[in-house]
Structures are given as structure tokens and as C-alpha cells.
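A single chain, nothing else alongside it, follows as C-alpha cells in the form predicted alone.
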Amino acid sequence: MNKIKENTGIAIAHAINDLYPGVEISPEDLASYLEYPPDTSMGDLALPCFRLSRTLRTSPDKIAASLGGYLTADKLPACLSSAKPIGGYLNFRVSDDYLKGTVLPYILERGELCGATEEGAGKTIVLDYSSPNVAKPFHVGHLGTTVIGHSLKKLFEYRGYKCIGINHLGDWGTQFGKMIVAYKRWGDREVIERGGIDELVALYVKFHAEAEVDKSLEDEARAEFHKLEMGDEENLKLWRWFIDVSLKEYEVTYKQLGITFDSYAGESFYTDKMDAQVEKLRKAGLLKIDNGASVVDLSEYDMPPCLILKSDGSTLYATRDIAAAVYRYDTYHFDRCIYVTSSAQSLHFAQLFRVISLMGYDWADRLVHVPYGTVSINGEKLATRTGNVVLLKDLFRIATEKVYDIISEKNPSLEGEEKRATAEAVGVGAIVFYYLTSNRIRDINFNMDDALNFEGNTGPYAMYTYARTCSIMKKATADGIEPDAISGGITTPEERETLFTLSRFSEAVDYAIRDYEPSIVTRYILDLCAAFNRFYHNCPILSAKDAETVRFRLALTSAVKNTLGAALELICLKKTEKI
């Protein structure tokens, strides 16, 4: 829908071709140079001409002046009304007629699909995200992979891709040897059935505390895990039970977040699929023995060796991840397989992708690692074994209780189950929005007060703005008033700003997908909310002076409702029609 930058880039390219013969700069590159001026009185778009100075061998001021003189009204695309040089910048103004006659009707016609396309039709994307370690609680450190991954899934689906969401559960490894030892020594089945995953965590923490004193516990744990790998029935029963207890609680959290998965195939799923890949590595001459362990030498690629088998023959993450990647390609024939994990695993995935490429799999270049920054609490690293975590269920509960009290005070008409559901949606939304506001690669020092601060640029503010648009539209329907984009016109700066912000939604989705960066949509939501609320406070809608203005402003409100509703869903927030 948003062709403004694209068409502007084409117009600039034509101007450069005529004014600077022999110089070719693609319209796509020129469109990518365009910026949004901080002061909208200067223009809606700006071309910083210093980016052309070296190529055109002319000063930015002279480039801006020559392009501005050339791009008169008859040479501009229909979406633009003017091009004016200011210093080393060429500033463009988007046409009011385009905003009112093209942008607004399109959004009203498409509804919440106003930023959707079919560009991904026929293509499949596999996304590996969330993937908690079984027998450990869902804490704030899991929030990143979970909400970034699911937001990316929603974004790609919005653009027509078939997406497969995989929860690659951490359901295998030496930690289960530790859990089995802890349970056999100190566990009580009835206590765990009542207390759930919290009791499993207590056992895990106790194991590490005891192992500090009794080092033999680590050897005992390795022995119990080896028995598990060999199919010991007692250990297998305990292992399956640990998984069932864990999944029961995880599903509660996923339901609160509105997240479902297409597959829960965890690490254990690939135990019978690894031997074939190890043999393939061996036949290709890639495996080398280093102190008894089997590794792939990656020194040629400035990376340490990738460990495939321990000296005792046990498998590792890399072994399982190779088997998983091959299985996923054979099963889903993906165009991209995206792994959303902490940046601390960047080396692991660089090694993994290189090894898969060396094995001769020609789809290795379709594998993508999307890293995100680490989460700490008061500057300290999260660690289940020491208990330094903030559990998501506790965080969601506190946030929900806070919202419930606010709703009780400000909207007493909302009650019962609707009130509880709204409080949970807004409370959980506040935490998700807080996390997705920053660039994903940025480290976060989690602060409970900041996360639960509902003032300013927050999730509750965005969700309340959506509820405000719903309330206006509901009242208009009750009064028999229909929105009409044709009647009336743009008469205030607030109307224009809101329309121009609406025109940028498709671009925000483009960039979020290009950069694997949901925070771009989150920040767009804040821009749209700010523009609409200025419009709402300064421009009477249902009480405007004439019927045409009422219908036009109602159409603008409806467009904001559609766009904001779509954007909220793309970042995993629920739409609340009442707060």
C-alpha cells in the first residue's frame, strides 16, 4: 500500500539521470536514503544529499538546489505535492489528496489487512523459538525468544508466508541426570504433583547446593543420564513425568500470551536421527579426534572446533541441532529456518551453519540466527540453579492485579469475567510491550517498577488508545452515523499527521521483517497512538461542527482502529475494546 518512498525514489532517479548524465543510482537505493525529518514543518520526507555528494562530485547544498529546481509539480509523482531544498536536504511534502483519496480509502476497505500482502505465497518459514528447558520454570529470561519469535511468525504470516512454529524443548541432556539424582535422593511425588514445576526447581537448586560440598554428585548425575540414554525404564518414566509436569505449566503461560506451536519436537526427538549425520560427517572426512572427542575443525573459518561427540560418545547440542535441521528441511522444505535465541549462542549457530554447509547441504544458506540481548536482574545474570530469576507467572500475576485495581477505580461498569480477562490482557500486554520496545539485540537490565509502569509510552497506553477508537466507533453506530472518507477534507494539522502516520504502517512491517525486528512495529504503534491522541484531543469527532466533518473524522478513527488493531496483534498483544 505504501508506495510513497518507492515513487519518490523513482522521481529522484529520473532527475539525476537528466541533471547528471552518465551517473546511475537505482531508485531502490535512493528510496532507502529517505528519512523522516524531526520537524514535520520542514516536510514529510527528506533526502540527505551528502549521501550523493561523492558520486555526483558536488556539494550537498548544490545537489539539493538542482534537484529541487528540477522536480517541479509536473515532474513529481501523484503522492507528492512539493520538493524544496533546505541546506543539504531536499524535503518532500506528501499530497493531501493522496492521503485522503488513496491512503484512507485503502485502509477502510482492507481493514486489519491494510498492511498485509501475498509476497510470501508459496514459501515456507520454520521458526524455532521459546524452547524452555524442561523441569525449569518460565522466567523473564525466556520472554525474549518467546515473544520475538512469535511476533516474527505473525509478521511473516501477515505477508503470506506459511510459517511453522517449533518449540524445540530442552528435554534432553545432563541436567536430567541431575534431576533424577535429586528426585531419587530428596524428592516426593505427591509434593511435586501438588507444587508442580516449582518443586522440580527446588530439587534442581538443592542438587547444585549439595554438589558444591559433595563433588561425587556430578559423576552420579552423568551416570544417571547415561542410563537414560541407554533406555533405562525407571529413568525414562521419571524423565517423561518431568516433561508432563513442566508442559502443564508452560501451557498456562502460552495461553496468557496467545501463543500456540505447530510442533513440540524437542531435543529428545532427534536421538535416533543423529547417528546418520555423524556417519555422514565421518564419511566426508570432517570428523577429527581431539583428546578423545570427535570435532569438526573450523580454524580455516576463524572459529574454534565444533564438538560433535564427547570422548565417551555422548552427543551434544550441535549433534542434535544438525539432525534437527536436516529433519526440518526434509519435512517442511523450508525457504528459511529461523532460530531465535540469545546472542550468547551466536558462535554455536555460526559453527552449526558452517558444519551443515561443509556436509554438502545446499540449503545451509537458508538458516538464520536471530539473536537477542541478555536479560539481567539488578545487573546480575539469571541463574535457575541459584534462584536468581523472576518467574513469568509471578510477573503476569502482579501486573494483572495492578491493572485490575486500576480498572476497578476508573471503569466500575466493567465487571465479572470480562473485567478479569481485560486485566490479564492489559497486564500481560504491559510486560510484552516493555520487552519489545527496545531493539532485540540490546541487553536488558530488568526492572520490575519500569515494566509495570503504566504511564507514558507503554503497552497499556497503546491498548487504551485502541479501546478509545472502539468506543468512538461503537457510539457512532448507536447514533446511526457512518464513516465516510469522501466527505469533508483535511482541515487541521492533526488530521494530516494522523493520516501520514497511517501511511507508514506497511513500511514498518517491511522493515520489521527485513531486520527481524518486532520493535520497529512497537515504536510505530507509539507514533500512531501519539498522532491519534493529539487528533482526538484537538479535533472534535462526533461533535464536529458539520455532518461531513463528523463522517470524515469518523473514517479517520476507523482507519486508526484497523491499523492499530493489526499492529497490536503483530507484537503479540490482545485487542481490548474496553478498559
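Note that residue numbering begins at 1 and tracks the sequence as displayed. From a predicted model like this one, the values you see are computed outputs, not experimental measurements.
The same protein also exists as the form predicted together with a small molecule; that form is not shown, yet it is the one meant from here on.
Residues placing heavy atoms within 4.5 Å of the small molecule in the model of the complex fall in a single listed stretch, namely 130 to 138, out of 130 to 138, 150 to 158, 99 to 107, 191 to 199.
Contact check for residue 341: a heavy atom falls within 4.5 Å of the small molecule in the model of the complex.
Although the partner is absent from this view, residue 321 contacts the small molecule in the model of the complex, with a non-hydrogen atom inside 4.5 angstroms.
A residue is said to contact a partner when one of its heavy atoms sits within 4.5 Å of a partner heavy atom; residue 142 meets this definition for the small molecule in the model of the complex.
Interface membership of residue 363, defined by any non-hydrogen atom within 4.5 Å of the small molecule in the model of the complex, is ruled out.
Think of it this way: in the model of the complex, the small molecule has a heavy atom of just one of 446, 349, 254, 264 within 4.5 Å, and the residue is 349.
Contact with the small molecule in the model of the complex, judged by any heavy atom within 4.5 Å, is made by just one of 504, 168, 440, 178: 168.
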